[in-house]
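In the form predicted on its own, a lone chain appears below as structure tokens.
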């Protein structure tokens, strides 16, 4: 299938704001795709070349893309920069440059979806000495054969700025509309979501939907070595509220650490974070303990890994653990400097069997049967009770031991991916925070003039993939942290307007706030009043930021009308 056909779809999507309209456009396109190109077409629709668990990026910055455009079209860099200042969209600039080429290509080649996808992956695999030149050469080669419209979307894709208003929610619905009858919609949505939560690849899910239908999707099993989505807790107002709803519950410590999803296949171990990063190399001590103490041949087990002070045995700040997560060298040194403990709390797969549909009480028994506790690997501290006083004492014990709080879990609950009322509940001593993405920043004044010290926060629209602004602030960081944040954000600057800079959405921060108000000032329609940065969420990617739905839910829970 030709790439220009996908670009025609992009253009239609860009011109329409209706979610239903976008879904219909995509569904019609997916129907047309042959099976061998369907996966790539779906991923390109999302602007995705590498899936999160591949731990790889295209690594194409603005300047590099400009050099590729220059090489392919003969336009000088300063001419391209002037056009970029005028339009603020390098994709549009590429379209203009290709339509007015100053140098002719000797032969023409039609770009196909498969060729474009594979060439873009080649860009991501370019590493080491000469890699920048190789990236430029591959991208310029694609632009050489591009029609103007293709150039627009090629450049937007490599810069991760596709701008067509499509994210996972619309792609899911388009797959359902494309391959299932209207009467099957409810079952099809459930099956598509289940398969995606296991495979984390809507392209692969689309192929299964087309070829194997609902049964094929429902029978998907985890692939050891490939991370899944995870089940999340919802905030509860009180212990009493949860007990009133469910009676006897399981209470577990909520550790202030890193959620680890452990895959074991014979003697091969993988450790994944909840954002699907492979951190196996950073935790050789955990790998060793898992090999010694987990008896199942194959399994997927979940736990919380948290840093311990070697002297006091108390938890260390999460920032200490983040040093281990991001360390690529001197691993043995970090193992000694930041020792960790792993507390296990669930198992979802063992020796070829999915356990998602079993109640938690049964999953816990299976977990206990396949794990030997050791000094470094233990079960999460827990009690089972319906006594509110006993549960409150357990909660206070967790806080005294400097943990975040407790989780309350319905013993009859299945393992359901994402946040769902009726399963797991968080009890914490502070107002519910939000995980937001930084999408803009402002240079400070006076002593702070060298730092980006005020940040524009946004939540995510899960259907369109857009980031909707919801407030601005910079309190909560030390001078050292302002400096570190500035260094992280500078490479992500995509546009400057005086002291304000637009930031590529990559960095997630946890913010507290006094209240949420209705506000036309921000694109979400809401504003966080007096937001304060509590910490940088190194363990979360922008796709895991809180959604507009959650922002609205928290606004309503205040009991205010705005």
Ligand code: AMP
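Everything numeric in this text was worked out from a predicted model, so none of it was measured. Positions refer to the first chain, counted from 1.
Another form exists, predicted together with this ligand; not displayed. Remarks below refer to it.
Next on the checklist: Just to confirm, with a 4.5 Å cut-off on non-hydrogen atoms, which of 320, 149, 419, 364 contacts this ligand in the predicted bound form?
Outcome noted: Of 320, 149, 419, 364, the residue with a heavy atom within 4.5 Å of this ligand in the predicted bound form is 419.
Checklist entry - Ok, 109, 426, 187, 163: which has a heavy atom sitting within 4.5 Å of this ligand in the predicted bound form? => result Contact check passes for 426.
Next on the checklist: For the interface check, one of 171 to 179, 460 to 468, 440 to 448, 404 to 412 should have non-hydrogen atoms within 4.5 Å of this ligand in the predicted bound form; which one?
Outcome noted: That would be stretch 404 to 412.
Checklist entry - Is residue 77 close enough to this ligand in the predicted bound form to count, meaning some heavy atom within 4.5 Å? => result Close contact is absent here: in the predicted bound form, residue 77 is far from this ligand, nothing within 4.5 Å, heavy atoms only.
Checklist entry - Does this ligand come within 4.5 Å of any heavy atom of residue 275 in the predicted bound form? => result Residue 275: no, not in contact with this ligand in the predicted bound form.
Next on the checklist: Can you tell me whether residue 196 touches this ligand? I mean in the predicted bound form, with a 4.5 angstroms heavy atom cut-off.
Outcome noted: Looking in the predicted bound form, residue contacts with this ligand do not include residue 196, since no heavy atom lies within 4.5 Å.
Next on the checklist: Is residue 246 part of the interface with this ligand in the predicted bound form - any heavy atom within 4.5 Å?
Outcome noted: Residue-level check for residue 246: no, no contact with this ligand.
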